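The chain below stands alone and is given in structure tokens; this is the form predicted alone.
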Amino acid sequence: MENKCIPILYEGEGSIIQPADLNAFRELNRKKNKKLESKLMTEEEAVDRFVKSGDYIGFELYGTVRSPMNMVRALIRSGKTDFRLAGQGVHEADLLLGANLIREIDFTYIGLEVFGVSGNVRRRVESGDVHNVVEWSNAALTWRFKAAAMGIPFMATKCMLGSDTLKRSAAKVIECPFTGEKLALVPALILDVGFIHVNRADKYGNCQIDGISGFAFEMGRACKKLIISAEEIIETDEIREAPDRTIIPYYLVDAVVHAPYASWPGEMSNSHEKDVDHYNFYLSKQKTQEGMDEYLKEWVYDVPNHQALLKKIGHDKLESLKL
């Protein structure tokens, strides 16, 4: 049978910020400790052990729902910087940009949703602090994680075809050898460090999520290091009563952080609502860098850890947000 190469019909103008070495990723996963050993630690310990300046990092889910904001604040306080980011988030990415810690973004959406464009995103991109922005659709970025999880170098999709998002991406378009249709090829994406907040986990890192699971399954399998924070730490026997709900198994996880209200001021499925009053306050502060600096000082730098933050918010306020 004649062997024919599939021609590239079109290439996006974006660069691949984080090229995926799948063989090295396989080897890393083979060497991960598979013992049932406790991985419980604080946010600060997890950042100190598993994150370094310049890492390519990512957060799972969108908007202000189930965001690991406890880990974001710990990252900002750590002094580590010059991160590259999978920008499929809202509040967590916005805070990191406000603190000027991001240099490159694989960008899907970072903004304030119904409240408009983020002042932090605009300032950092226009100033050149973020010097490389490569655009993707939400689905395309998820398929990039999926490719890494499957151990293949790319996924074929119809995402972004016919849009300027494709032009600004690093995708390539081919003609399908089976159907003749045009398909976009999106490259596998492996995070140096991923952060996911879940409803419950055991001390080993078996994780369960209530409500929308987002792209936790895909991203959880595409991280060199995975840091989990959880509303609740439960016994492994309880996890085993509903094994079908364990989206992320323990052997993928490097750190487990017990963090009730971790997504505050955002909301958490089956746990608590958004703190609308505080979020509106944040919206007013992010309009200028001076306001953002004031916010970061009061609500991040001057608060040493997550427990201190909860104390600052206050018991009565937290109780009023409970579902």
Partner chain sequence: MNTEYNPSELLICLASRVMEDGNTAFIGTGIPMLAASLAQNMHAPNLIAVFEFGGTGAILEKLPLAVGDTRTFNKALHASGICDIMESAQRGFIEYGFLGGAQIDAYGNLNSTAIGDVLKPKVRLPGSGGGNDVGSCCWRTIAIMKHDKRRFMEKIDFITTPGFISGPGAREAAGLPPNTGPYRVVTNLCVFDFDEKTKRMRLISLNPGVTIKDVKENTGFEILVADNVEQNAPPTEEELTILREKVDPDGLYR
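Positions refer to the first chain, counted from 1. The shown structure was predicted, so the numbers you read here are calculated from the model rather than taken from an experiment.
Note that the form predicted together with the partner chain isn't included here; everything after this is about it.
- Contact annotation: D82 falls outside 4.5 Å of the partner chain in the model of the complex, judged by heavy atom distances.
- Looking at L283, you'd find every heavy atom of it more than 4.5 angstroms from the partner chain in the model of the complex.
- Contact annotation for K225: none of its heavy atoms lies within 4.5 Å of the partner chain in the model of the complex.
- Contact check for E27: a non-hydrogen atom falls within 4.5 Å of the partner chain in the model of the complex.
- Judged against the partner chain in the model of the complex with a 4.5 angstroms heavy atom cut-off, the residues T42, H258 and K311 are out of contact without exception.
- Note on the partner interface in the model of the complex: the residue among K203, R221, R103, R77 having a heavy atom within 4.5 angstroms of the partner chain is R221.
- Counting a residue when any of its non-hydrogen atoms is within 4.5 Å of the partner chain in the model of the complex, the hits in 248 to 263 run P249, Y250, Y251, L252.
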